[in-house]
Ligand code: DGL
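Single chain ahead, written as C-alpha cells, the form predicted on its own.
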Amino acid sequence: MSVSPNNPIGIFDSGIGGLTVAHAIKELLPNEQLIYFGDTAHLPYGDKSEAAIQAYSVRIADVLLKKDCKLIVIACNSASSAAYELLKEYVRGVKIINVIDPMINRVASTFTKAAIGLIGTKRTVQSGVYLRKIDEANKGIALHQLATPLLAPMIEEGFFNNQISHEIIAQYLSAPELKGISALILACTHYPLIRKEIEEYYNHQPVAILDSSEVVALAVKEYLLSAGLLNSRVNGADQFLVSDYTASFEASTRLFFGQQVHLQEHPLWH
C-alpha cells in the first residue's frame, strides 16, 4: 500500500497501558493523528500463548491497515516479543516498530561493559528477548532482570504515588538482582506512571531510568523523518478503539494518556 505524511500512526497494546507510548508520541509529534487499539477483550497478553498473541496481533494490524496507517507501533512488550517478526512478514509496505529494539539500540549506544537492570512482567523476563538482543549487541553489558508482576495491576487500580506503591516499588528495587546497576530499563508500558517514584528511590544513586515510551517516541520520529512521512500540520482527531468496552477502562485512560479520551468499541471477531 502507498502511504503519505497525512496518514495516521497506528498503535496497539493488549489493553490501555500502551497509551503511555501514545502520549509520548503525541507530545513529541503533536501534528500526527493517532489511531490506538487496545485489545481489552484479551488482556493481559502476558499469560497468553505465543500463537494466540500472534493471532490477535494480525487481526489488529488488519484493523489499522484498513484505516490507512502509515506506521504501526506495537506498544506492548509481550506482543513485541511474540508477534513482531510475524507482523514484519505479514504487513507489506508499512513499517512496524516494537518497544524492544529501540530500547536495545539506546542501551547499546550509551553503555559499554556496564550492569543494566530491567523490570518487567514475568512473560517479558522469561522470554529472554532483552537478554538475547543485548548479548547480540556485543557491548559487554550484563543485564540483570527482575520480574515485577505486582506493578502493572497496582498501577491499573490507581495505586501509585502513595504509601502502598512506595513500599512495593522499594521491595522490588532493593532485590539482590538489581544491586550495582548503572541504569534501569522500564520494560512495561505501565511503568512510566511510576517513573517518579522509581527516581525517588534512586535519589542519591547514579542510576539512569530508561523509559520505553520516550525511547519509542524518538524512534518513531526518526523513522518518519528518514522516510519523508512526518506530518507538517494537524490532520484529524485521534481515535481510540478497544475490543471490549467497559466504563472502568475509559475512566482509566486519563491515567495513561494524560487526558480524557473517548473509547470506541471495535470487536476483533464479529
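Small disclaimer: the values here were computed from a predicted structure and weren't measured. Quick note: we count residues from 1 along the sequence shown, nothing fancier.
What comes next is about the form predicted in complex with the ligand, which is not displayed.
Have a look at I134, C188, I97, I116 for me and say which one sits with a heavy atom within 4.5 Å of the ligand in the predicted complex.
-> Result of the distance check: C188.
Mind telling me which stretch in 107 to 115, 196 to 204, 163 to 171, 71 to 79 gets its heavy atoms within 4.5 Å of the ligand in the predicted complex?
-> Heavy-atom contact with the partner occurs in 71 to 79.
Mark Y45 yes when one of its heavy atoms lies within 4.5 Å of a heavy atom of the ligand in the predicted complex, and no otherwise.
-> Close contact exists here: in the predicted complex, Y45 approaches the ligand to within 4.5 Å, heavy atoms only.
Is there a non-hydrogen atom of A152 within 4.5 angstroms of a non-hydrogen atom of the ligand in the predicted complex?
-> Contact with the ligand, yes.
Heavy atom to heavy atom, is S127 within 4.5 Å of the ligand in the predicted complex?
-> S127 lies outside the contact set for the ligand.
So in the predicted complex, does Q145 come within 4.5 Å of the ligand, heavy atom to heavy atom?
-> Answer no; every heavy atom of Q145 is more than 4.5 Å from the ligand in the predicted complex.
Though the partner is not shown here, which residues of 6 to 35 have a heavy atom within 4.5 Å of the ligand in the predicted complex?
-> Sequence-ordered list: D13, S14.
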